[in-house]
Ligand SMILES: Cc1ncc(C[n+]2csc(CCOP(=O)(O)OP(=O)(O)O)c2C)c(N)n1
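Quick setup: one chain, the form predicted alone, written in structure tokens, and binding and motion questions come after.
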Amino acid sequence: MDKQKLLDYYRKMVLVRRFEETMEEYAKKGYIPGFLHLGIGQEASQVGAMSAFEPGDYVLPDHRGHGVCLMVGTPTREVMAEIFGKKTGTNGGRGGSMHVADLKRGNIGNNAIQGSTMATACGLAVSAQVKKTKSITFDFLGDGTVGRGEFHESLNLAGIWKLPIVYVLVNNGYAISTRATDAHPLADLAKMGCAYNIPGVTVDGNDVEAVAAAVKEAADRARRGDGATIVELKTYRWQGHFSGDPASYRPAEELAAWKEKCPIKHLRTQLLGKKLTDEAALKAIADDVEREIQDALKFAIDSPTPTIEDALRFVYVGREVAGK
């Protein structure tokens, strides 16, 4: 892979990491309403997978999808303002952390009910087939979703109709506090697709190059009309299920071992080891990202909060409908 592409991945992963760290800091200060689910440690999965995303495609982020929302191309300040519940956010502050959507860029948004996006993905993919577009759908899901009914029902439909979907299965080892190996009989969950004639591949989710290559191959397959693929990315979330969860259900040694596998550290070592860059250039990237984060933070804090009247906008109950 060329130097510029790797440096681009590096910058994006640093951006996602600093975004998440800033969100956690300001959640603890009381600036962010509701729950906050972070994906610190999973940056390579998000950045690598979204490198195959093209204009006209659709994406459904998962539970910890802030990084995915940024990779669609939505300005950082708009994503941050939405999580702060401000009027200038992507959804006017109505969605918050769990529902950041940007329809004009193909981000359909997450849903707090895990697994529900798999049904939505089928609908988007059928739409692309009917309209004969080359649009494909990237559906991010976690290992916990594999145990839900929507997983099997959606894979069955996707398998029969050869729907253009890439299932990005981010296996971070835990569904809330339940260890994946205690909940599923297979170590590699991508194999679950074989019952529905959907191929699956399992890769190191902390290796951005491996992630990008696997998802690109699955995306190319979907664009050719050959149907869906499950790409399982094995990674780890560094924090608890939500910000404030002490995650006492997992051993400290396990967390420490995964921190040694930090995806940013891994790519940094590669870049320096192959002499593709130097410390000064990487610091310049970090400084540039920090300016972007601080700009977004000021924008989010200074933005107005929605009014009470705003809460009723886009609520259609009781309204007359044209043609009724």
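It should be emphasised that the depicted structure is a prediction, and the values quoted were computed from it without experimental measurement. A residue's number is simply how far along the shown sequence it sits, counting from 1.
Separately, the form predicted in complex with the ligand exists; it is not shown, and the next lines address it.
- With the partner omitted here, the residue from A195, I160, L103, I113 that has a non-hydrogen atom within 4.5 angstroms of the ligand in the predicted complex is I113.
- G142 is the sole member of G200, G109, G93, G142 with a non-hydrogen atom lying within 4.5 angstroms of the ligand in the predicted complex.
- Heavy atoms within 4.5 Å of the ligand in the predicted complex are found in exactly one of 58 to 66, 26 to 34, 264 to 272, 289 to 297, that being 58 to 66.
- Using a 4.5 angstroms threshold between heavy atoms, H241 counts as touching the ligand in the predicted complex.
- A residue is said to contact a partner when one of its heavy atoms sits within 4.5 Å of a partner heavy atom; H99 fails this definition for the ligand in the predicted complex, lying far away.
- Among residues of the shown chain, Y174 is one whose heavy atoms approach the ligand to within 4.5 Å in the predicted complex.
- Interface membership of K234, defined by any non-hydrogen atom within 4.5 Å of the ligand in the predicted complex, is ruled out.
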